[in-house]
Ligand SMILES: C[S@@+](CC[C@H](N)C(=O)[O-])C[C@H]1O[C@@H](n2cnc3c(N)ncnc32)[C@H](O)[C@@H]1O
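What follows is one chain in structure tokens, specifically the form predicted alone.
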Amino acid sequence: MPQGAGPNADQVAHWNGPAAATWVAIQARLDRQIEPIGRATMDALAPGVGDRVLDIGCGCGASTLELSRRVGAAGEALGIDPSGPMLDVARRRATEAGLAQARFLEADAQTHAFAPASFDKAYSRFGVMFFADPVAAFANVRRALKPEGRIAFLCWRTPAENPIMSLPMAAARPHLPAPASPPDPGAPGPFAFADRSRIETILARAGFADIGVVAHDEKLTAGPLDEAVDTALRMGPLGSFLREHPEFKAAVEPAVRIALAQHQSPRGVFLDSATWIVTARNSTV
């Protein structure tokens, strides 16, 4: 089945459209912003030299490249993502870095037919919250892991705990039409795994054991104020809204600038982030 016709067809379309183009355009600043928490998650996974590691939702490839450095030339890091434009960037970056052990696959991790027991470990930096059927997706990933193979992933907690994601929309909200209805908190999207108990239930149903869900709080850089405003208007919940309704940009930009300026320091704008670092083990021998 072509991935664009599968259960995550809407997400595939999303990540091959304007959202992907935006991410590609500003990938350097986005990688810089989330690199510290991505590394903390990678440290929790502890990939070893010679390991074969699956990177789920690898995007423009920064995490896959770092994994490939950690496993060395004797190992392999395979980044999987449904976004063709983002994988083009990832492949170019791997070539420029001379990391032949970094490979990339354009596919849906929920449905791709991985070779059974072919990976030592699996990793994801904000790439697992978008599946239509997360139990099926994690079960598919688990089958790709060797017996006792481990997974570690990073996901957002609630919007209220994450000004790095929610502050721009909160500042813009008085200038926008009221939302038609509150979103389903479990629907595919950035905050789909905000509920710790939901994560534990999904992973247990998918066949994982030794599930750990640890809160991680860290201030993240949004760059200089002008850059922070530009990013806020292009990414996150507000960026998604403005891609559909660009006519509101002029109205919300001053409010977003004022809100972000309150978090400015000599080193730029820093905002709180709140994530879960999740680890688990393949319990099926």
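All residue numbers are counted from 1 along the displayed sequence. All values reported here derive from a predicted model rather than from experimental measurement.
We do not show the form predicted together with the ligand, though everything after this point is about it.
| request: Given that the partner is absent here, state which listed stretch (166-174, 144-152, 123-131, 203-211) has heavy atoms within 4.5 Å of the ligand in the model of the complex. | output: That would be 123-131.
| field | Of A136, A97, A107, A117, the one that lies within 4.5 Å of the ligand in the model of the complex (heavy atoms) | value | Filtering the options by heavy-atom distance leaves A107.
| said: With the partner left out here, check for me: in the model of the complex, does some heavy atom of N8 sit within 4.5 Å of the ligand? | reply: Yes, contact at 4.5 Å.
| query | Would A102 sit within 4.5 Å of the ligand in the model of the complex, counting heavy atoms only? | reply | The answer is no: A102 has no heavy atom within 4.5 Å of the ligand.
| Does D31 make contact with the ligand in the model of the complex, using a 4.5 Å heavy atom cut-off? | Contact with the ligand, yes.
| task | Answer for I80 alone: is it within 4.5 Å of the ligand in the model of the complex, judged on heavy atom distances? | result | Yes - in the model of the complex, heavy atoms of I80 and the ligand come within 4.5 Å of each other.
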